[in-house]
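Starting off, we have a lone chain in the form predicted on its own, written out as structure tokens.
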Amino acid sequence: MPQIDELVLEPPFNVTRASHVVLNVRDLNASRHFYTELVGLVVSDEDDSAVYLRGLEERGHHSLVLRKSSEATCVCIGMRVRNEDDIYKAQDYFAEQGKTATLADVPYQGLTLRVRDNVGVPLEFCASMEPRERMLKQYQHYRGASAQRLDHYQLQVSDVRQTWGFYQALGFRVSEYTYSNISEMQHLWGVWLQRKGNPHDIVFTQGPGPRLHHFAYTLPDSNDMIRACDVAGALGYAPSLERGPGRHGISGALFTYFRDPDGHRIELFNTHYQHIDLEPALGWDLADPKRADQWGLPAQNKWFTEATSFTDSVLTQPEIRVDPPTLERFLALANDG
């Protein structure tokens, strides 16, 4: 198995960043309202079956697609590649690995390749999207949290080390990681992986999986985070605020998390750092309270147990049980004291 600081500097094809996420939602109008009025995304196109949204900073047609469905699942997550040659290189690479990778005609996207990773996560690799106007300086259209761009995904998987091996071979680098000491051995509990030069494009933590834990959009500044909370209260979304505002130890980001009308989790954040130069990854003990929260209380148990299933993926339980620090455990210890 690869080591944390082992790098693949010449990967088989060039992934540049996290690109887009496709969600199944039960009530398209309710979800549209949540993502435009609270999150502040812009509608690029829509019909009776789907809504295509983008952040104010984004030039590409969409970073979030909502599809009307009877189930609330994640259809796929997307990665952008440099150009069409990388799509064909990716197809050849996955064929050599014995994986089924198919070219697909996807609305508003250029050449697109679909494949599942080694734990069953459905992926789309695309080389381009139909362009739309960048709304960055169209301040009259800023609403809610004024979300700027899709930044990363966090997924739960049953075996973090196994999953990381798939992405490490594609040139993803570990910026930070979390371990748990079990029987005097370090058990890898989470990895933060990046391609675009900040701490993460995709994160894997241990849990029943594969499942989408959350996807994240950047905000202009911390005032927009407070505004998001105020708007949530004004629009009746206060119960949807699950965690925060707070500051992570890993990545150093200011954050807040909401659940949409179907329970899909979205993070709104800012102020993480660059991770461009070749440097050792930073390790965190899962038991260190500053790993997840530099101040404030730990996350509730549902933070670790609830996530969005992928369509047609088989859920696998971890072989090694690890009990992360939760708010419920913290309060129980406080009451015992």
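This one's a predicted model, so the numbers in the text were calculated from it and none came from an experiment. Residue positions are given as counts along the sequence shown, with the first one as 1. Rigid core (definition): largest C-alpha set, two forms, superposition within 1.5 Å.
As for the form predicted together with another copy of the chain, it is not shown, yet the points below apply to it.
This chain is displayed without another copy of the chain, yet in the predicted bound form the stretch 300 to 308 from 24 to 32, 65 to 73, 41 to 49, 300 to 308 comes within 4.5 Å of it by heavy atoms. For the chain shown alone, Leu241 is a contact residue for another copy of the chain in the predicted bound form, at least one non-hydrogen atom being within 4.5 angstroms. For Ser251, a non-hydrogen atom is located within 4.5 Å of another copy of the chain in the predicted bound form, even though that partner is not displayed. Interface membership of Cys229, defined by any non-hydrogen atom within 4.5 Å of another copy of the chain in the predicted bound form, is confirmed. Looking at Gln140, you'd find a heavy atom of it within 4.5 angstroms of another copy of the chain in the predicted bound form. The partner is absent here, but in the predicted bound form a heavy atom of Pro245, alone among Pro107, Pro245, Gly263, Pro208, sits within 4.5 Å of another copy of the chain. Put simply, of Gln162, Gln97, Gln186, Ser222 only one has a heavy atom within 4.5 Å of another copy of the chain in the predicted bound form, and it is Ser222. Every residue in the set Glu57, Ala234 and Pro280 has a non-hydrogen atom no more than 4.5 Å from another copy of the chain in the predicted bound form.
Contact residues in stretch 84 to 103 (any heavy atom within 4.5 Å of another copy of the chain, taken in the predicted bound form) are absent; none meets the cut-off.
Relative to the superposed rigid core, Leu9 undergoes a CA displacement of at least 2 Å between the shown form and the other one.
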